[in-house]
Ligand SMILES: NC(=O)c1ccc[n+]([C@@H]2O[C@H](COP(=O)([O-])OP(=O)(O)OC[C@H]3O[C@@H](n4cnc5c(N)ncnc54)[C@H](OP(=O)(O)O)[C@@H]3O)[C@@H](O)[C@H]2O)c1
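Presented as structure tokens, the chain that follows is alone, the form predicted on its own.
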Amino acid sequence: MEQRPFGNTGVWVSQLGLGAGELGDRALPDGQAADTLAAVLDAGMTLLDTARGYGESEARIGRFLGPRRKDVVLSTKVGYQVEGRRDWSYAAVALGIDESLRRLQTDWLDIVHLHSCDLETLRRGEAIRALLDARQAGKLRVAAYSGENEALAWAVASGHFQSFQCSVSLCDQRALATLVPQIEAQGGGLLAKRPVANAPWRFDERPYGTYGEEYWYRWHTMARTGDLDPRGLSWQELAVRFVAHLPGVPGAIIGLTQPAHAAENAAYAARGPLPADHVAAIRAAFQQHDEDWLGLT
């Protein structure tokens, strides 16, 4: 697995990492969660991205990582659900970081994001101040923002953050036009979330009411016309290779709970970038069909 510099932060990340949201599902057996984490690390995916809102995810990573902590980059997200504290207050961010340190059983966090707070919250500055104070105190290495669209644009321009996380996939390309080049020019890091767009090709019909419904609509709209063409690849391989080799995107985080899928996705990334004309066709398909397809939080 290729390891890449994360902007000018001094951190290095694997080109693919684990989006550990599903790892926190309480219905997932502990043994399967432990096996999945081990398979991810064995596949060279040393970037682990979690959040306080992901159920048991932080606690499981803390329990199962053990001595391999030194070999990984831990990324988490904070700002809410702290008992007795107003969401996005200074205390909610500061205490959230302390709780993440405890649950993850670590002395430091590599990357900490404000987790998709809105533009008004960012402008107030209270949450940002708490994040930067925690970095000054040595509790985290990289102060980051996770979000989309207008709030993400403000965060990039603000100069407060060293890295960012946003949706980038076949079905979510808005950030690629301007924000990704801006982040790269500033020396910032970027984590692409949902690089396989919740795998909409799993569904024969539009999955109404599910989290991935909008992505299914976008994928189907582009694919049914032939404008989005896998050219003989599986959709999963196409999606992984597209995002894993985009300029300005050092790391992409994939959610999974089956150990075999870690090696599978790593193998796809190792096959290298798609041909330049294929990447251009994918970008053109999105631009042609874009019906105000904003980044999905």
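Computed from a predicted model, the values in this text were never measured in an experiment. Counting begins at 1, following the sequence as shown.
Only in words, not in the display: the form predicted in complex with the named molecule, which the text now covers.
Asker: Of 248, 44, 55, 255, which one comes within 4.5 Å of the named molecule in the predicted bound form, counting heavy atoms only?
Answerer: Checking each option against the named molecule in the predicted bound form, the one that comes within 4.5 Å is 255.
Asker: Heavy atoms within 4.5 Å of the named molecule in the predicted bound form: which stretch in 108 to 116, 217 to 225, 130 to 138, 151 to 159 meets that?
Answerer: Of the options given, it is 108 to 116.
Asker: Counting only non-hydrogen atoms and a 4.5 Å threshold, tell me whether 21, 193 and 198 all contact the named molecule in the predicted bound form.
Answerer: So, yes: the whole triplet contacts the named molecule.
Asker: Given that the named molecule is not shown alongside this chain, does residue 229 nevertheless sit within 4.5 Å of it in the predicted bound form, heavy atom to heavy atom?
Answerer: Output for residue 229 is no: heavy atoms all beyond 4.5 Å of the named molecule.
Asker: I'd like to know whether residue 264 contacts the named molecule in the predicted bound form, with contact meaning heavy atoms within 4.5 angstroms.
Answerer: Yes - in the predicted bound form, heavy atoms of residue 264 and the named molecule come within 4.5 Å of each other.
Asker: Since only the chain is shown here, I'm wondering whether residue 211 would be in contact with the named molecule in the predicted bound form (any heavy atom pair within 4.5 Å).
Answerer: Judged by the heavy-atom cut-off of 4.5 Å, residue 211 is in contact with the named molecule in the predicted bound form.
Asker: My question is simply whether residue 102 lines the interface with the named molecule in the predicted bound form - judged by any non-hydrogen atom within 4.5 Å.
Answerer: Close contact is absent here: in the predicted bound form, residue 102 is far from the named molecule, nothing within 4.5 Å, heavy atoms only.
Asker: Out of 143 to 167, which residues reach within 4.5 Å of the named molecule in the predicted bound form, heavy atoms considered?
Answerer: Counting only heavy atoms within 4.5 Å of the named molecule in the predicted bound form, the contacting residues of 143 to 167 are 146, 165.
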